[in-house]
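In structure tokens, the next block holds one chain alone, the form predicted alone.
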Amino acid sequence: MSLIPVPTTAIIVVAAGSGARLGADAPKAFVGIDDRSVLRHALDGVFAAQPMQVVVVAPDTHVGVAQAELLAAAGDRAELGSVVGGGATRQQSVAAGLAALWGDVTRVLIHDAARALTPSAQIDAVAGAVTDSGIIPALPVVDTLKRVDGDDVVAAVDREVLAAAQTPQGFPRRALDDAYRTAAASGVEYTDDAALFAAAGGAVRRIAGSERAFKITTPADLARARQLLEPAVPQGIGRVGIGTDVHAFGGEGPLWLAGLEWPGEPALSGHSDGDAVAHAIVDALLGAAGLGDIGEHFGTAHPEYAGAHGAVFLARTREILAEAGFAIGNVSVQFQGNRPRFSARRLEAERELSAALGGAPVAVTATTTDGLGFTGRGEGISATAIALVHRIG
């Protein structure tokens, strides 16, 4: 038997759009931001708000996937959720959601799944503000706006009388149902629910919106969302270190560089595998933490590291930092050399180096130095790294 009271508020999460401007091979709501989809992030925010009926409107081809996402986000509120197929337009999709509402519902929120990072506090605020009027969260317009005719600027637009609308938008249910029936009879398609509601004579008020409630429409929007969801940097004061390393060609065996083996390339000479990229990172990390340098921890006085690969050095460096109370923020490293050709294996190298550092982000770049210096003459490779660490605990 359910222990959750039947709610009088419902939220329709519209996830039926194709998302053509995103350029993905799936409907926008089902594209991954991180290990979770746009829809899943939106539903996480919805189910973190006050209990309400949740209706997801999905493309007919993705109803099953949407149901799985809903159940994963809902937890012990699964009985409050359902999924319906959408229509050919957004307005038709919302109408399908309205038809699925329970009889006890008196307030309806309509939310774009594409606003995936909308805080649950904004959802609650909209629900709490609905009376006889419609409610939209909105942000002030900060850009200078111009009215144009083709390429000609015609006039300035007063931004003080403008606001950027967000979702969810909230309405009294009976008035919203009436407004949708009126719109269907007229054949007019509206750009958002507040416009449809106002066209039917309803009053609409605004409340403060949130910068996190932006709409994911383009690849740049998706990149912004991914950046906002990156793991938080460990607490503490950041410290920066720099490291350099140089090795000449002339070693035995294959070339090891940036954590990768490079068959057919001449090896670098050195006490270990000569991986100048990994060694520069080690020096940068140790220097940032004030823990000495690579020679102190891995030099010839430590025969156990003779011939060891760079990944071994990096993993041990991470342990040394952790023992001293430091966590790695991120690393950027560049190597200078005419060979090997690096760009095709950049992502592979970054993954390998990051894995050795426990998942800390690593960016690797390369330059040929236009043929100048010992690297330009093909005598060896030089690498420079910058690392950020944080004290923890």
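For clarity, every value in this text was computed on a predicted model and none was experimentally measured. Residue indices: 1-based, along the sequence shown.
Not pictured, yet referred to below: the form predicted in complex with cytidine-5'-triphosphate (CTP).
Visitor: Please identify, from 138 to 146, 176 to 184, 107 to 115, 288 to 296, the stretch that has a heavy atom within 4.5 Å of cytidine-5'-triphosphate (CTP) in the model of the complex.
Guide: Looking at the partner contacts, the answer comes out as 107 to 115.
Visitor: Quick one: in the model of the complex, does every one of G19, S93 and K215 get a heavy atom within 4.5 Å of cytidine-5'-triphosphate (CTP)?
Guide: All three within 4.5 Å in the model of the complex.
Visitor: Among the candidate residues A301, A220, V161, A88, which is the single one with a non-hydrogen atom no more than 4.5 Å from cytidine-5'-triphosphate (CTP) in the model of the complex?
Guide: Answer to the contact question: A88.
Visitor: Out of A385, I381, V14, A10, which one falls within 4.5 Å of cytidine-5'-triphosphate (CTP) in the model of the complex, going by heavy atoms?
Guide: Residue within 4.5 Å of the partner: V14.
Visitor: Applying a 4.5 Å heavy atom distance criterion, does H62 contact cytidine-5'-triphosphate (CTP) in the model of the complex?
Guide: H62 lies outside the contact set for cytidine-5'-triphosphate (CTP).
Visitor: Do R40 and cytidine-5'-triphosphate (CTP) come within 4.5 Å of each other in the model of the complex, heavy atoms counted?
Guide: Although cytidine-5'-triphosphate (CTP) is absent here, R40 would stay clear of it in the model of the complex, with no heavy atoms inside 4.5 Å.
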